[in-house]
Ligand code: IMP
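Consider the single chain below, provided in structure tokens and representing the form predicted on its own.
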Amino acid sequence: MGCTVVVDGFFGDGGKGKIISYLAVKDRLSICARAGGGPNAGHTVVREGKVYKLRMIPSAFTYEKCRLLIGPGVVINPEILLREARELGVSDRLGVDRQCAIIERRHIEADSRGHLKGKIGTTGSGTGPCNAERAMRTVRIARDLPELREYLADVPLEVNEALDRGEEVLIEGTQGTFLSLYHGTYPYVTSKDVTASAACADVGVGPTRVDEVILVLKAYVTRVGPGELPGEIPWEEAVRRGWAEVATVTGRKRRAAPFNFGLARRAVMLNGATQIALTKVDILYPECRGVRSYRELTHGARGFIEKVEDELGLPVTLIGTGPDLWEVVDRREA
């Protein structure tokens, strides 16, 4: 694998946490470095029936030898970060870059009222206001906090030295391509770019060091909060189809629409994707639940996957067939 970037091709909620947790164990990752916004993005991991909802710790915690890093481009809430580290028992392998910006109470308050909350529908986590203050160069950063001292790291150096040694490194993106500040459905977007190139910058990895970009696409499209969603269906229809979901961070209902090939093609372009991870195929094709072999997928499911490959011009290498970490068809081995 070398250096792999994992990003979402739609509006988030695509199952990045599941795919990353699988890759961590399957490929024995040395390092997983989180990029993106901050605690406004939630990743869900299911292992052996236990559900983990993460807002700061990388989803690769599932592999006990994986070093877990937070890149300098990420803003952090120390309370959430340290609580998750304790609950998961990963404090001894956590590293936080010295230059991560710190979310404070005033950022959370600003994110929970007015334009951001009322019109944009933000999560209220303080991520956007913290990023705004960072741009003004007045925000506090991780090196300023005594409670983070033991976790401070030079993340770009660690990641690049691991790559020099030929180790397996994964950069964990957050949210989704069309929530990007630059490439998304402005103004209903997040407070920074979240495409693959931005994820690399967040961690301190140059573009020539990346080997693979895995674009995670859910078998249908969901979105939380306001903003354009082509082909949106009513909530009652989403319930009927089994597409009714709620957001990891806020608990809000996710709006739903069928798989959008136009958006997927644009996401491939914007991210420079090299392969596709197609998740929740079992929701469209319930007979595929738990399947781990491509030949055991139904004719309909294989037809859908082949159409995705034909339309996007990329191989679908990972297929999610259930919520658990191991419920994956891995075609990289074929």
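What you see is a predicted model, and the numbers here were worked out from it, not measured in a lab. The first residue of the sequence shown is number 1, and the count goes up from there.
The form predicted together with inosinic acid is left out here; the points below concern that form.
Remark: Cys130 does not count among the residues lining inosinic acid in the model of the complex, judged by a heavy atom distance of 4.5 Å or less. Within 4.5 Å of any heavy atom of inosinic acid in the model of the complex lies no heavy atom of Pro78.
Though the partner is left out of this view, Thr195 does not reach within 4.5 Å of inosinic acid in the model of the complex, counting heavy atoms only. Inosinic acid is not shown here, and in the model of the complex it never comes within 4.5 Å of any heavy atom of Ala33. Candidate site formed by Gly42, Leu179 and Arg252: every one of these residues places a non-hydrogen atom within 4.5 angstroms of inosinic acid in the model of the complex. From the list 98-106, 183-191, 78-86, 229-237, the contact stretch for inosinic acid in the model of the complex under a 4.5 Å heavy atom rule is 183-191. Comment: inosinic acid is not present in this chain, but in the model of the complex one of Val224, Ala264, Ala142, Leu94 has a heavy atom within 4.5 Å of it, namely Val224. A heavy atom within 4.5 Å of inosinic acid in the model of the complex is found for exactly one of Val90, Ile120, Ala201, Leu148: Ile120.
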